[in-house]
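Given as structure tokens, the chain that follows is alone and in the form predicted on its own.
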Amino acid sequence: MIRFNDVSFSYENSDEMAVRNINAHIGRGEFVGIIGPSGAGKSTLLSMINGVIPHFYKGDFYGEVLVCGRDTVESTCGKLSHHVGSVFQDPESQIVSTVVEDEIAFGLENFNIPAGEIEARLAEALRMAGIEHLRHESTAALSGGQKQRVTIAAAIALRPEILVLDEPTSQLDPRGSRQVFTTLRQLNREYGITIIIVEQKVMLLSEFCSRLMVMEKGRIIMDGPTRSVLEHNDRLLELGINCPRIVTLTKLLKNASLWSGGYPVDVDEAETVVRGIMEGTHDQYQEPELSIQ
């Protein structure tokens, strides 16, 4: 679905590379989380997938980014939008309509979706985003979190093959954040939509993403299955990335020689580890392969 071939980019009037020597591919139906310290190049990487770079943000672009077989340099943002849906950190930058239902219908109408299908998709998107009660509300009167859910609903209504999200839960409380990730997992599993998300809430990424990329200074320094990346929690802490508490707990158990298996990725697995130790059973998670640069 997505391939980066030796990609580097520096923004206009900048002497530093925002990303450098990126070689990676993301397959159809993957759910990928991207983490790293501020300025690591995470948002730049997303902007290369939806074509915002190089068509909106100018600069020096090297290499090749292919999305659904299309070269993003040769394809317009409009053409890429038929394959890639985007949700940005600031919902204000995306909302163009004064009423919630009009905002969600806006993209559908521009994509020439038949009128009879628009209503069905609109209702489904509202339900999946948990904002059915906001359908007729003014977008100006919404809270930041509500606006973010509207932008997510507008994106998923288009049913893109790929959905990229840049910290979509930054303005949401824990309950709202989990609802967003639950919705994304449903889209991933039921519709096969490829999800790529930049997010600081590593616990949510740990539970919902099957793969993690770790970036530092414009490079991908780790890339692999979530459980395998969490194994390198000391390195993550060096980068300023707070690991989930279940990882901290498991590390303590390992240091006490009570557990020698892999790291759990959610609370249920952590409970299984603790119960296994208490009851004397030790079913362990196998460690998958991890790419470290």
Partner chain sequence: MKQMLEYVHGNSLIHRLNPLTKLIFAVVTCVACFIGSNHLFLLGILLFTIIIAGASGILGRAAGVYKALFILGLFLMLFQLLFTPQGRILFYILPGVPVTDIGLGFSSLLMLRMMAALAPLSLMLMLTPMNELLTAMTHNLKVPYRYAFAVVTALRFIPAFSREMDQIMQAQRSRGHETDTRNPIKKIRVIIPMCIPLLISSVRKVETMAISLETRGFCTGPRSCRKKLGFTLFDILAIILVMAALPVSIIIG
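What you see is a predicted model, and the numbers here were worked out from it, not measured in a lab. Numbering follows the first chain given and starts at 1.
FYI, the form predicted together with its partner chain isn't displayed, but the following is about it.
Remark: Glu161 does not count among the residues lining its partner chain in the predicted complex, judged by a heavy atom distance of 4.5 Å or less. Proximity of Arg178 to its partner chain in the predicted complex falls outside the 4.5 Å heavy atom cutoff. Though the partner is left out of this view, Arg219 does not reach within 4.5 Å of its partner chain in the predicted complex, counting heavy atoms only.
In the predicted complex, its partner chain stays beyond 4.5 Å of every heavy atom belonging to Thr183. Listed residues Leu204, Ile196, Ile131, Leu122 were compared with its partner chain in the predicted complex; Leu122 is the one with a heavy atom within 4.5 Å.
When you look in the predicted complex, the only residue of Pro174, Gly144, Gly78, Gly192 with a non-hydrogen atom within 4.5 Å of its partner chain is Gly78.
The stretch among 67-75, 184-192, 210-218, 96-104 whose residues place heavy atoms within 4.5 Å of its partner chain in the predicted complex is 96-104. The candidate spot formed by Ile22, Ser38 and Tyr62 lies out of contact with its partner chain in the predicted complex, as no residue has a heavy atom within 4.5 Å of it.
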